[in-house]
Ligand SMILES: N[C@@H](CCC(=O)N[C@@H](CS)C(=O)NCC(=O)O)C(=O)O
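One chain follows as structure tokens, the form predicted on its own.
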Amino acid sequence: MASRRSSMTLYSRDNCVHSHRVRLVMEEKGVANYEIAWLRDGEESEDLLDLNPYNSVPTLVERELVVYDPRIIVEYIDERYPHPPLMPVDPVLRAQYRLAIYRMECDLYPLFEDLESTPAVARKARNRMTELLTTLAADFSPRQYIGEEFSLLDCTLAPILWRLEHHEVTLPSKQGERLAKYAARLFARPAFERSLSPVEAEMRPAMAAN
């Protein structure tokens, strides 16, 4: 357990898609000397409950500041460490990115809880995930990332794509190939490898070892 006296501490679960997203942003921004307070599945923390009324992860603590919504955390980190920027400067494009991130948070992220549920619930969630990602992949362009530059949008999608094989989510061949090429570029980034917990690395051990 990390000390609360650290200048920056991230409370995180080792298999939480929201926590993974925040760790990825922290690594992409090159945040140094932060500590991770790891919580196992089902484990409660009195420290965290004192800090966050929702007792949820991820929660970021920096001196007297406590931030406990993943989107607020990643936007705070992006502004707190402005280089490299992970959101466009143009306000219209910025709003479009935020809407795309919001849709992923609303449509895709909640499905992971169902994927860990009963076989019937998991099957339904798997079908819905396939449907949504197939639609997303159809819009992919030849660009390296979703936008012109790597962004918080890519950071939001990367933890989802990493878990697909583990949860046996497969796409039609054409859309699956497009998404797989994009995912490979994300996974090849050094920050992505550093963002993985040991549990997440075991989801795709061959790729994590490369």
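Position 1 is the first residue in the sequence shown; the rest follow in order. Since the structure is predicted, the reported quantities are computational estimates derived from the model, not experimental observations.
There is also a form predicted in complex with the ligand; it is not shown, and the following applies to it.
The partner is absent here; in the predicted complex, the one residue of 158, 26, 57, 61 having a heavy atom within 4.5 Å of the ligand is 57. Shown alone, this chain has one stretch from 146 to 154, 170 to 178, 28 to 36, 63 to 71 that lies within 4.5 Å of the ligand in the predicted complex by heavy atoms: 63 to 71. For residue 10, no non-hydrogen atom is located within 4.5 Å of the ligand in the predicted complex, even though that partner is not displayed. Along 11 to 41, these residues reach a heavy atom to within 4.5 Å of the ligand in the predicted complex: 13, 16, 18.
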